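Here's a solo chain for you in C-alpha cells, the form predicted alone.
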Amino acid sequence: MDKLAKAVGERIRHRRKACGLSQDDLALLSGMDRSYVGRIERGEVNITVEKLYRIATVLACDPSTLLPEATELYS
C-alpha cells in the first residue's frame, strides 16, 4: 500500500470517529459509496483533491489537517 494513501486514510478515519460518524454517514453526506469510503480509510485508493475537500467539509475541518506531515512518510 502507498504510505501517503494509508496515512490520509488513517487521518480521515480518526477525524470521522471523533465526529461520531459512521462510514455510512460520511459516505452519504459526501456523496460517495460506503465501500469507497472504506477503501479510502484503508489506504487502498488515492483520492482526488475534490474528494478530499468533500470529506473535509463533512468532517468540518480544513483539508490540510487530513494530510500527513512529510516526516511521517519519509523518515
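Owing to the predicted nature of the structure, the values given are computational and were not obtained by experimental measurement. Note that residue numbering follows the sequence shown and begins at 1.
One more form of this protein should be noted, the form predicted in complex with a further copy of the same chain, which is absent from this view; the next part is about it.
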Problem set entry | a further copy of the same chain contact at A27 in the predicted complex, heavy atom, 4.5 Å | no
Exercise. Though only this chain appears here, would S35 touch a further copy of the same chain in the predicted complex if you measure heavy atom gaps against 4.5 Å?
Worked result: no
For this session: Would you please decide whether I40 lies within 4.5 angstroms of a further copy of the same chain in the predicted complex, comparing each non-hydrogen atom pair?
Result: no
Exercise. Closest heavy atom of L67 to a further copy of the same chain in the predicted complex, within 4.5 Å or not?
Worked result: yes
Exercise. Judged by heavy atom distances of 4.5 Å or less, which residues of 35 to 54 approach a further copy of the same chain in the predicted complex?
Worked result: N46, I47, T48, V49, E50, L52, Y53
